[in-house]
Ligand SMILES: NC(=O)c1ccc[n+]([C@@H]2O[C@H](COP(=O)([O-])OP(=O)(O)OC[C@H]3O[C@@H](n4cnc5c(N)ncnc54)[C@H](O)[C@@H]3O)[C@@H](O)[C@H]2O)c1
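One chain comes next, on its own, written as C-alpha cells: the form predicted on its own.
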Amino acid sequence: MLKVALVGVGGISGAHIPAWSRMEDAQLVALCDIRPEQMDRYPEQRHYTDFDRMLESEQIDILDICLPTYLHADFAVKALQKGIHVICEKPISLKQEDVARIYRAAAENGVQFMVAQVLRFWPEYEIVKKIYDEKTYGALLSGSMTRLGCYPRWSWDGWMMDESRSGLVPFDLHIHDLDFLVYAFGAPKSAVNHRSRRPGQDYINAVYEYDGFFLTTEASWYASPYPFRAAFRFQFERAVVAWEQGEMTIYEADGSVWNPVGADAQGDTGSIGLPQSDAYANEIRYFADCVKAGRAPDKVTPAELETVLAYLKAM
C-alpha cells in the first residue's frame, strides 16, 4: 500500500484528492496547507500546517504537490532529498534551470518525479496523438487549440495574478496546449506570438510552425466573467477531428460523422470550473504504477519540459 501526502489544498487538489481516494493500492494519509480550514472537509487524513513537520512525522512514499507555481521546485527538491517520490502539478517551475535541478535530486536519491501535465492523459487528446502517430487520416495539415477563461480573482492571496509567482496566462493556462503540442508533434520549428495584456486581463495568440503544418492557439484571462472553455480542431488530409463543448467528433472526408468517446459527464471539479474527466485519475494511476515498478515515468520527459518553458519565456 502506497502512503501518500498532499501539500496545497487549493483548487486543483479537488481533482487530485478524489483520485487518490479511489485507488485501492494507495492511501492518502496526510494533507498540508497553511490554511487549516481548507482541510476541514477531509477528516480522514491527518492535517498539517507546517510542511517540514509533516515530512518528519509521516512515513510516506509519494508526495503530491498542488501548491502555487513559485513553490513547486523547492518543495519538490526537499521531498526528493528525503527519498520521497514526487508528482507535482504543472508547471514544473517558472525557471528553465529548475528542470535539471529537480531531476538531478530525483536521480541522486533513487526516486521518481513527474509533472502532472494532464492533457497527456486526457482521452480525447490521446486519441489525437494516436491518429497523428498512426496516420489514420493521412498527414496533419493544420490545427487550432483554445483555452479561455476569466481573470482568477479567486486565487489565494492573489498569487495567480502576480507574474512573479504564476507567470500569468503563458505559464498557468497556455502551458496545457503547448505541452500537448510538444508531446504529440515534437518541438515546433518556430512560433509567432501576439499578446494583449492590460491590468486585470491577459490574452495570447500563438502560431506554432512545423514541417508541413501549423497550429494556432489562444489562451486568455478576460476581465469580464467569461465562462471557462477549452476546445481543439485538427485538420487532417481525410478528416477533421474536433473537441467542442465537451464532445469529441470525427468528421471523415467520406461523409461519416462519429464520436469516438461519447459525451462526458457534465459538471466541474472544485471551485475553478475544471471539466470532469478521468484524466486526473489517469495521470495519478500512471505515476503510482511507475513508482511500484521502479521505472521512470517517461510519458513526461525533462527535455520536453525544457522546450515548453523556453517557448513560454519568449512570450
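Each residue number is its position in the shown sequence, starting from 1. Everything numeric in this text was worked out from a predicted model, so none of it was measured.
The same protein also has a form predicted in complex with the ligand, omitted here; what follows describes it.
- Only one of the listed residues (Thr146, Gln96, Gln112, Ser155) places a non-hydrogen atom within 4.5 angstroms of the ligand in the predicted complex, and that residue is Ser155.
- Proximity to the ligand in the predicted complex, taken as heavy atoms within 4.5 Å, picks out 59-67 from the listed stretches 22-30, 59-67, 286-294, 244-252.
- Not one of Pro123, Phe180 and Arg233 comes within 4.5 Å of the ligand in the predicted complex, counting any heavy atom.
- Shown alone here, His176 lies within 4.5 Å of the ligand in the predicted complex, counting heavy atoms only.
- For the chain shown alone, Ala105 is not a contact residue for the ligand in the predicted complex, no non-hydrogen atom being within 4.5 angstroms.
- Within this chain, Ile17 is remote from the site of the ligand in the predicted complex, having no heavy atom within 4.5 Å.
- Heavy atoms of Arg53 never reach within 4.5 Å of the ligand in the predicted complex, leaving it off the interface.
- Along 63-100, residues Cys66, Leu67, Pro68, Thr69, Leu71, His72, Phe75, Glu89, Lys90, Pro91 each place a heavy atom within 4.5 Å of the ligand in the predicted complex.
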